[in-house]
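What follows is a single chain, given as structure tokens, in the form predicted alone.
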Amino acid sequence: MSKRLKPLDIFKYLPKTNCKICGEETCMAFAMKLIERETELALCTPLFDESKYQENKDTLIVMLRPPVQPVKIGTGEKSVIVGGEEVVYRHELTFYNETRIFIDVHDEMDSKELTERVNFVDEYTVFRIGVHLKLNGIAVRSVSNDPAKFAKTVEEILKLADLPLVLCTFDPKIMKAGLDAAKGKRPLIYAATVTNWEDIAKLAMEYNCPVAVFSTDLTTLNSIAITLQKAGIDELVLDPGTYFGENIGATLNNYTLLRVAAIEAGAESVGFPLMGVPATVYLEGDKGTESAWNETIVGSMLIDRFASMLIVHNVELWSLLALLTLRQTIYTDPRIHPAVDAGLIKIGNPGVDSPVFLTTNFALTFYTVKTDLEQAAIDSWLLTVDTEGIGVESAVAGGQLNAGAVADLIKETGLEEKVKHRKLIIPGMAARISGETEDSTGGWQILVGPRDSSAIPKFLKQNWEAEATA
């Protein structure tokens, strides 16, 4: 069973000169940063510039290579990297390259539908907890079985948007037509199977593209992957099949077995990103909301079970938001509370008589309150306390949100010079510190607001006095 590297494992191959060229004080500190993926080996320039370190450099490159190899799809700014993970559970380190979501199209769509679908993927964005959540690319399916038609569809997509592509066909002739149309764009070839792997391998070598390997039998999947690696193809993505209903358990088991084999058993032959195709739900026909719901369930399960990329068919906003929110949650570093900068910000165009609200710098809380105030068009001031990225209730219990911190922040931000009144509205969950906050702030009246910021408009109507107090 493989185990995570320790700093000493890395340190013994570093120059040990503490030259500080890498930006760290010591080689040991640099080794620790390498383990946590907080720096890059290339920053140790003596390793790369001095021939006496050549063997050590080569050893470190191999040692630091993650057990799940990273694979690049596409070119330019919108290209994506899938895989690159080295732990089974994110609390051991964290997950880095989030699950990439590709939306499918096919070569029998009319131009209008194709354009709308591609533009939707290219422009889709949801802002959540300080991050813009986006879709990642287009999966082009050959339905017509016509090479010319497939190539034309690929060309049309690339004219609309420079998005990473997955070219989906088991027919090497059709695949070649698609690759010709997408030359230089480095699409993912989907897929090499037990019957076509030799022709697909030749295309991958000719066009320098990564290849997806498909088989529902793990032994066969492993065998094809080994064969392609021996042929010189080292950027693979593995698809063990995606099934719903009574076979979903077997699907999830296969994904788990592959990930654990790569990381804990050190099985290099399957040390590649995994892909899932929740769109297979639609093989039984489009049943509207029921199919979209089932696809969302499958997609969510696969994100939970180590899928590095998904091909999805439905574009219902509720479905995509569920997948994107889950993805964001899983690929957020569990060791770090998502936080924003503390301080005072304006909501709208506040004046000297505008209300002042208090919140914490936990990103989810902050952006929820900020969005609710903006959507209600409430001109106001938002005072954000540094609670180390912890939410209101927990920060009150843990002492991060306290009367002294609020009083200090009022002084630091010059709030008293920005408003005439001395009224501060705190979250309902912070009611227990209202009395001591009044004492610490010296003259500020503390109003206990609602527990949920969506109720702020109603609270203001019932409790806020428009007249300013000196």
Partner chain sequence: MAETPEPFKRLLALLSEVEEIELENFKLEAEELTLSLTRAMMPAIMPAMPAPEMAKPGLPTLPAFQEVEFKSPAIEYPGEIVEVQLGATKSEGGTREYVVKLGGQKIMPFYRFLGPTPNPPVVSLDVFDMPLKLAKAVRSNIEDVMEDPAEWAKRCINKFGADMVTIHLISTDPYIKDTPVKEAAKVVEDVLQAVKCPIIIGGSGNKDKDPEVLTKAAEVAEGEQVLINSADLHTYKPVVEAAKKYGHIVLSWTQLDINNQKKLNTLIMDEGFPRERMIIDPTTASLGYGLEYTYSIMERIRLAALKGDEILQMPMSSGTTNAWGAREAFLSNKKCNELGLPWGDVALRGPMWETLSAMSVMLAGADLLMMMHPGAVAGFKALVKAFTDDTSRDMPPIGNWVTMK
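It should be emphasised that the depicted structure is a prediction, and the values quoted were computed from it without experimental measurement. Positions refer to the first chain, counted from 1. Only the largest set of C-alpha atoms that superpose within 1.5 Å between the two forms is called the rigid core.
One more form of this protein, predicted in complex with the partner chain, exists but is not displayed; see below.
When you look in the model of the complex, the only residue of M301, I347, L160, L383 with a non-hydrogen atom within 4.5 Å of the partner chain is M301. With the partner removed from view, the residue among P147, P172, P338, G84 that has a non-hydrogen atom within 4.5 Å of the partner chain in the model of the complex turns out to be P338. Contact annotation: T219 falls within 4.5 Å of the partner chain in the model of the complex, judged by heavy atom distances. In the model of the complex, G184 stays away from the partner chain, with no heavy atom inside 4.5 Å. Looking at H132, you'd find every heavy atom of it more than 4.5 angstroms from the partner chain in the model of the complex.
The closest non-hydrogen atom of R128 lies within 4.5 Å of the partner chain in the model of the complex. The candidate stretches are 151-159, 71-79, 187-195, 348-356, and the one lying within 4.5 Å of the partner chain in the model of the complex by heavy atoms is 187-195. Residues R141, S142, V143 are the ones in 137-166 with at least one heavy atom within 4.5 Å of the partner chain in the model of the complex, listed in sequence order. In this overlay on the rigid core, E264 has a C-alpha that sits less than 2 Å away from its partner position between the shown form and the other one. In the core-superposed comparison between the shown form and the other one, E36 has its Cα shifted by less than 2 Å.
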